[in-house]
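Next up is one chain by itself, shown in structure tokens, the form predicted on its own.
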């Protein structure tokens, strides 16, 4: 590793290593970092913190200089994997190969085929909301909704959604205060269940909307995916596909409740739903941050970065960057355009499920707007202690 001069930003970046920090309001610190130390060095754990939109884009667009294979979370610094735990831990050309294999499962034709079912499920859940009665939007709607859709994609019984929820929570550090050994048991159950469901589809034609059929029968160099590769894809589909959408709609609906004039804009002008979806994604930024590792000496914003240095891309800060989003960056605006947020990442690792997430959010917003003219908070929101997912535990609101 090259010897370079690093700034002393230990005190400023220390809160980022405390999971409890993320249960509060982290955005004041993000703004301070953008002003005072946009490329900051966390001396306690040994990684750079990037808080500016342009710098996050730079790292995202250069996988040959900033790799994923050495870990995407700061807790993985120094780890080495015999096989990648997720596709997000792979680099080109392996990443491009995996992406090409699974891309058909998320193609436009499959999303069009899925849309009617997604809208139906959204309407069913929204129909259960009593007008004028406070509800906690998280367990009532946000938790089951994406899990119902994932059950459809996996071709497994919808009745198992509560099991999917526990498995998903076990896969995100900080989401639940469960003992590590319990998390391992749950993840083992998840892998066994999903592998069995997938292998049962081998040899069957790819029909309908089930992505699992694509994974079961896809071949690479004449060979089907190994159990490890299947587990990698299936776990990512269940965990990432559920957690991100759930917390986007939870945080987004609560933001609309806190800004009733923005909800009224949607009621008055449904053409604003599309930009509102992008604003919900920007505002909530469900994946807080991912890490890369420099493969060679490089420079970011005038700061020397040594080969081997971990670099944390703080998406949640980049999505509030005044240089990109202007003086209203800290305001929720359903009409914001342009809106070049990085909630889905950028570059080679742009989220495969972005179209599905947008479809789900659109269906839910449409169902709510079809039924309710007003929305307000019914108490304070409660967030999770996770440095990875911007989780929302409770979002009490009242629809009328």
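Bear in mind the structure is a predicted one, so any value in this text is a computation, not a measurement. Positions refer to the first chain, counted from 1.
Just so it is clear, the following notes concern the form predicted in complex with a small molecule, a form of the same protein that is not shown.
For the chain shown alone, residue 372 is not a contact residue for the small molecule in the predicted complex, no non-hydrogen atom being within 4.5 angstroms. The small molecule in the predicted complex comes within 4.5 Å of no heavy atom belonging to residue 332. Interface membership of residue 245, defined by any non-hydrogen atom within 4.5 Å of the small molecule in the predicted complex, is confirmed. Looking at residue 349, you'd find a heavy atom of it within 4.5 angstroms of the small molecule in the predicted complex. With the partner omitted here, the residue from 320, 95, 110, 121 that has a non-hydrogen atom within 4.5 angstroms of the small molecule in the predicted complex is 95. Out of the listed residues 106, 325, 165, 148, 106 is the one that sits within 4.5 Å of the small molecule in the predicted complex by at least one heavy atom. Contact check for 237, 281 and 315: all three have a heavy atom within 4.5 Å of the small molecule in the predicted complex. Partner contact region in the predicted complex: 339-347, out of 25-33, 42-50, 339-347, 363-371, criterion any non-hydrogen atom within 4.5 Å of the small molecule.
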